[in-house]
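Listed next as structure tokens is one chain, alone, in the form predicted alone.
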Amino acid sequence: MLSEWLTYLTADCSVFARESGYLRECIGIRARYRRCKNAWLSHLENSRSALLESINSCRSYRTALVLGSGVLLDIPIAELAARFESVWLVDLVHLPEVRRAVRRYANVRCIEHDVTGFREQRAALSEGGLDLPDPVQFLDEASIDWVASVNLLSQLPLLPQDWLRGNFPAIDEQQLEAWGDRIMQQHLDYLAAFGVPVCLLTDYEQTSYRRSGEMLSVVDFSTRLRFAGVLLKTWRWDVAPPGEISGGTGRFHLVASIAII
């Protein structure tokens, strides 16, 4: 707890990232990883392997754009820095240890940006107008030769949905779910617009279960979204083994690597 508190105090991020919960969420992911290292090991290995395999489809190696770089757990940063002239790590929060880690690579840059566009547009949202413009950031950067999205699609709308619940209580959950689906679909369409090799790492199904093995709920995102790409590999990620979540329940995600070319 002391480590998390100190990180919260010293993190270099925007007021928006603090107030909207992104900093807290990032620190929480790091803390959960430390508690669940063994359970996460195969997921992180599969993720790094998928990204490294994907870069072999590039014709040139100028700029690598990594969306949702997080705390670099699933990013093979050394290999990317060695292969590309520049590596851009994009996220709303880059924790102090991430900024320290990338200092050893002169060609790696941390960029604070909200890929959903919610940060820039939230002031214009209303109960009658919730649509966000299609994202366009980086699409005009001619040097980008490869894109990775390691934002789990299911996570993109969660904190924006919380903000809507607090500011527009008349919006019902069905509307919020549909709005979240639009954010996820916009991200998929955004990736396809780059016109270069793209590696998408995303969850497509979430399952909650009891310690006994009894399934409590299954949420399948793949039936609600249009995936334009080639499915390369799928695997199970034990995000929260039993006991990690209150009530003794556990949760795992099914994750896929998808090539968008």
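Numbers follow the displayed sequence, beginning with 1. Everything quoted here is computed from the prediction, not taken from an experiment.
Quick note: we don't show the form predicted in complex with a small molecule, though the next part is all about it.
Asker: Considering non-hydrogen atoms and a 4.5 Å limit, does the small molecule approach residue 252 in the predicted bound form?
Answerer: Flag for residue 252 set to no.
Asker: Since only the chain is shown here, I'm wondering whether residue 55 would be in contact with the small molecule in the predicted bound form (any heavy atom pair within 4.5 Å).
Answerer: Residue-level check for residue 55: no, no contact with the small molecule.
Asker: Decide whether residue 29 counts as a contact residue for the small molecule in the predicted bound form under a heavy atom distance cut-off of 4.5 Å.
Answerer: It does: once the small molecule is placed as it appears in the predicted bound form, residue 29 has a heavy atom within 4.5 Å of it.
Asker: Using 4.5 Å between non-hydrogen atoms, is residue 186 touching the small molecule in the predicted bound form?
Answerer: No, no contact at 4.5 Å.
Asker: Among the candidate stretches 163-171, 107-115, 81-89, 132-140, which one is within 4.5 Å of the small molecule in the predicted bound form when only heavy atoms are counted?
Answerer: Comparing against the small molecule in the predicted bound form, the contact stretch is 107-115.
Asker: Mind checking whether each of 70, 74 and 155 has a heavy atom within 4.5 Å of the small molecule in the predicted bound form?
Answerer: Each of the three qualifies.
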